[in-house]
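Let's start with one chain on its own, the form predicted on its own, as structure tokens.
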């Protein structure tokens, strides 16, 4: 192991297995469900282990690092983004959650408790890349996810459940849609996350009542019918709604 600036660089996987616990806390990890929205589909970012199965992006917590800081660092390493919505939603501690793990004398082969986060990112801004353990990093439609290691499918589904629940209390869209969008595009995002249809008039009424949207004088071009107006989020009011919460009934 060597240092490059303030970052630890392991020279090989064996080096990581042998010395990683000098940098990271043993028995504790972070797993992240990174959701993006593209072509009216909710997608999740997955890594593929070298010679193995797909998994959620995750990592470990440094000895002098907070859990939230570790999660943001891990997601920056996977997506290249620093300004994204990230929320801790559950702790996964079933003793049998890593039953596939092979016995190993090293710290990495021991039992781990995982702290689950979900992140919302704008699909077009993400440039995913694999880490030292992985051979691929790709987006998958939420309904077409391949087999995942350990309990990662359960973590992903729990993250989606938490995201759906949070729609009643917090706005969603700032980190999933482009800067300018139409009301139908915003509605499609909510319907995709919820997995159900929403009445158009009720949706527009509720979204406007939140007072977080700015209607622009521009209209979306290229459509066959009357072009809908474009909107953008009032970022100050949006962030205030995230902190204070809100109540919506679909």
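Since this is a predicted model, take the numbers as computed values, not measurements. Numbering follows the first chain given and starts at 1.
From this point on, the text means the form predicted together with a further copy of the same chain, which you will not see here.
Participant: Please run the contact check for residue 113 against a further copy of the same chain in the predicted bound form: heavy atoms, 4.5 angstroms, yes or no?
Facilitator: Yes.
Participant: With a 4.5 Å heavy atom cut-off, would you call residue 88 a contact of a further copy of the same chain in the predicted bound form?
Facilitator: So residue 88 counts as contacting a further copy of the same chain.
Participant: Does the 4.5 Å heavy atom contact test between residue 26 and a further copy of the same chain in the predicted bound form come out positive?
Facilitator: Residue 26 belongs to the contact set for a further copy of the same chain.
Participant: So in the predicted bound form, does residue 193 come within 4.5 Å of a further copy of the same chain, heavy atom to heavy atom?
Facilitator: It does not: once a further copy of the same chain is placed as it appears in the predicted bound form, residue 193 has no heavy atom within 4.5 Å of it.
Participant: Could you tell me which of 132-140, 147-155, 72-80, 91-99 sits within 4.5 Å of a further copy of the same chain in the predicted bound form, going by non-hydrogen atoms?
Facilitator: Of the stretches listed, the one contacting the partner is 91-99.
Participant: In the predicted bound form, which of the listed residues (197, 40, 209, 66) lies with a heavy atom within 4.5 Å of a further copy of the same chain?
Facilitator: It is 66 that has a heavy atom within 4.5 Å of the partner.
Participant: With a further copy of the same chain left out of view, which of 215, 219, 50, 62 would have a heavy atom within 4.5 Å of it in the predicted bound form?
Facilitator: Of the candidates 215, 219, 50, 62, 62 is the one lying within 4.5 Å of a further copy of the same chain in the predicted bound form.
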